[in-house]
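Next come structure tokens for two forms of one protein chain, structure 1 first, structure 2 second.
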Structure 1
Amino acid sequence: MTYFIDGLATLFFGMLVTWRNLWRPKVTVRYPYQKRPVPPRYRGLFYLKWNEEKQRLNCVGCTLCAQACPTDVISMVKLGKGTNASVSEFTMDLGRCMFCNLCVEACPFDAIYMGPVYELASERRDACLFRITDLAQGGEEAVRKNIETIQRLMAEEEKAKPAATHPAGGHAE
């Protein structure tokens, strides 16, 4: 008899919990039609910052981000040298990325950031490979402007160099 009363009490308690939750407001998010706000410190898809004042990307191709990456995700091709340096190619293979933020912390030029984009799933393996046009703020147009600006700065630097040739046997004093 005590088992019957305990079972009935348990059934009644379970129905009471169900009845209370029946009238609560719903908390279901109907993803992908509704999306919750992303916290400000979320580490999602990377992007390369565009400097509007200089009309170029902040990245100078120093490779510190690639050296800091424990999974060897980043590869780049440097364009130019010195203060006028930049990158013509910048590739990230996010299929191997741990989203550890070490590349962002290693960058002394504030060129690479992690943004709020989190929808990176795909059926294709090559969809994890992000090139400079995918990562740069402004996309392909920003990359084109960046390369033009760097080439212009390199040409100006070449023009500004004093003539390296001196008359035969003479020394510059």
Structure 2
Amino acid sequence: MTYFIDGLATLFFGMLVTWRNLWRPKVTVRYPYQKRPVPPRYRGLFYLKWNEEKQRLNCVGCTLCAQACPTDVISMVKLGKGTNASVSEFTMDLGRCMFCNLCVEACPFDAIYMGPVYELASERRDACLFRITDLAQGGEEAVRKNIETIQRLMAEEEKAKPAATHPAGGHAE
């Protein structure tokens, strides 16, 4: 008998909870059509920051991010040298990346960031490979401008230098 009464109480309280939840706003979204906002700290697809003022990417090709990465995701080709350096290639194999943020924290020049893009699934393997044109803010155009700026800066530096140093030094490349 107590069992029976207990069972009824179960039903009653269970239904009470259900009734209360009936009037709560719904919490689901219809995902592919509707998306939820992403918080500013979200760790999604990377981007290389474009510096509008200096017309170049912030990255100086110091490879600190590549050294900080536990899974060797990042590889790059340096362009130029000294303070005017940047990268001509910056490749990330995101198939290996675990979005751990260590590379972003390692960068001393605020050059690499993680953005809000999270739909990175693909049917092809090579789609995991993100090149500099995919990563740079502003895409191909930014990469082109970046290279132009760096070459210009290098040329200026070269012009200023030979007068002061040995003539045998530069111009080899």
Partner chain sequence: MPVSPEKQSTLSTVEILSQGMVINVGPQHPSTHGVLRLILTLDGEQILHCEPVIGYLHRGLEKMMERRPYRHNIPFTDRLDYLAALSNNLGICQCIERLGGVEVPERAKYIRVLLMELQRIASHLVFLGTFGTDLGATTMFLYAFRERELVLDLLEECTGARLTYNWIRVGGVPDDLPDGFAEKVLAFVKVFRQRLKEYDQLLTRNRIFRSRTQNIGVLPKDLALAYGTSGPVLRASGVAYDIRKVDPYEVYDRVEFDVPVFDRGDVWARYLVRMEEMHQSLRIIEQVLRDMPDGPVQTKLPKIFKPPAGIAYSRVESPRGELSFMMVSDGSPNPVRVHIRAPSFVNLSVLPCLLEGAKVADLVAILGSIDVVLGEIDR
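Please read all numbers here as calculations on a predicted model, not as lab measurements. Here, residue number means position along structure 1's sequence, counting from 1. Only the largest set of C-alpha atoms that superpose within 1.5 Å between the two forms is called the rigid core.
The chain appears twice here, and it is structure 2 that represents the form predicted together with its partner chain. Splitting the chain into two rigid parts between the two structures leaves G82 and Q137 on the same side. Two rigid parts account for the change between the two structures, and C-alpha superpositions put the rotation of the smaller relative to the larger at 13 degrees. Core superposition places the Cα of R24 4.7 Å apart between the two structures.
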